[in-house]
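Just one chain is shown here, as structure tokens, and it is the form predicted on its own.
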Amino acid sequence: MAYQIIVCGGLAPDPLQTLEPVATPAGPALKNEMMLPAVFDPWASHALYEAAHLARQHAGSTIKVVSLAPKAKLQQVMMTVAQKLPFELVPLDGPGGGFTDAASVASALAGAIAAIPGLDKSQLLVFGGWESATRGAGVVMQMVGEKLGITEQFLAVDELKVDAGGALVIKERVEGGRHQVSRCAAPPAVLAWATGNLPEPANHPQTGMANMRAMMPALQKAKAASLASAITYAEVALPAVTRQTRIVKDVPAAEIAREIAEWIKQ
């Protein structure tokens, strides 16, 4: 069976950068946000690699990436991501920082997916990150599924296999370091991926060139997405660093451990 795989993924600042929140007339943002190097969200990256693996196993499958981010930053990042695997980009030009409202983001993504020509829900699998590197809400994919009318939703997915009968066998993380194995008879379904178990694909310049020939016109025509939000922020700041140090000599290790335990309890 061929699948139509839609991967939802945004951008995140390169984790090696120092991030400093600032207040702006439009709300909180990161200092020099447009100047910060960006990467494709690591959680969404796992979803994309898993999508590529599934598409290779099922001839005729297609992959589309729906991404909400500033158009200029998205173009920069896609020049790298496009070399990993073949896919079609569906860009939305809008804010992509960590201060956007999850419900507004889900509405924009769901609207873009629903507008894709030739969409067939009997083949549709919507992939995305369980959470994100910019926002720990962990609810965007569920809301995308609800807005698309897809009730088969699987969270914290680590593995997906298709059995001989065409059913989806999905392994999800649950409490206690265990996995729950579910069986979904057929698409449509939403899968929010955790880490998966696939390595990052190697760069393939020819694939990148082929992808970019279609991506550049798509980016130029990217629809603007304004995210309405009822959220207000009283203050944004870096976490405070607290350090308590006491230098001691000739104290037994057991006594040090007891003092640490008491400090933690307090």
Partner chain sequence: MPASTTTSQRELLRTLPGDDIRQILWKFADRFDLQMLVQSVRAVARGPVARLVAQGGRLTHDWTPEKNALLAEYDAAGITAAFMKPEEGGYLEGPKNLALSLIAFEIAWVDAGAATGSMATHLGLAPIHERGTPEQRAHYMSVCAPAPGQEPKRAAFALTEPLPYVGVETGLLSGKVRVAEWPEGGEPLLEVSKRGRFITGMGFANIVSAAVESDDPRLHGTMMVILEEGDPGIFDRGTPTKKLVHQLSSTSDPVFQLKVPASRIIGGYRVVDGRIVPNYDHGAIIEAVFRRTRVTVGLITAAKLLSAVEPLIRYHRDRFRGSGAGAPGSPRYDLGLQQKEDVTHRLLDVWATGEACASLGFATARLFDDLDPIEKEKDRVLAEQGITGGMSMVKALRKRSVEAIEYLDQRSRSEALRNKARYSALAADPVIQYLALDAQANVLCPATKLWNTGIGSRMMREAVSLMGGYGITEDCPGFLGYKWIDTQLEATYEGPEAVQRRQLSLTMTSEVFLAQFRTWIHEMRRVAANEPGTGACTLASAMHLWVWTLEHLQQAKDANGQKLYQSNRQGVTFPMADALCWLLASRCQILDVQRLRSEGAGAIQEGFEGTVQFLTDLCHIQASRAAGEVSRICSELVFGYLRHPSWDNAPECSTCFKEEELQQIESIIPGASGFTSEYLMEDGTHSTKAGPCVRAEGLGDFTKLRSKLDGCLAGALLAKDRASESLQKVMIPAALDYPQ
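Keep in mind it's a predicted model, so treat the numbers as computed, not measured. Residue numbers count along the first chain shown, from 1.
There is another form of this protein, the form predicted in complex with the partner chain, and it is not shown here; the text below is about that form.
This chain lacks the partner; the member of L198, M209, A237, I231 within 4.5 angstroms of the partner chain in the predicted complex by a non-hydrogen atom is M209. This chain is displayed alone, yet in the predicted complex one of S182, T151, S122, Q76 has a heavy atom within 4.5 Å of the partner chain; that residue is Q76.
The putative spot formed by G27, S104 and V144 is not touched by the partner chain in the predicted complex; no residue has a non-hydrogen atom within 4.5 angstroms of it. The chain is drawn here without the partner chain; in the predicted complex, the stretch among 157-165, 80-88, 112-120, 186-194 whose residues come within 4.5 Å of it by any heavy atom is 80-88.
Taking the partner from elsewhere, Q57 is found to have every heavy atom lying beyond 4.5 Å of the partner chain in the predicted complex.
Using a 4.5 angstroms threshold between heavy atoms, K223 stays clear of the partner chain in the predicted complex. The shortest heavy atom separation between A72 and the partner chain in the predicted complex is within 4.5 Å. The partner chain in the predicted complex comes within 4.5 Å of no heavy atom belonging to T245. Using a 4.5 Å cut-off on any heavy atom, the residues of 34-62 that reach the partner chain in the predicted complex are, in sequence order, M34, M35, L36.
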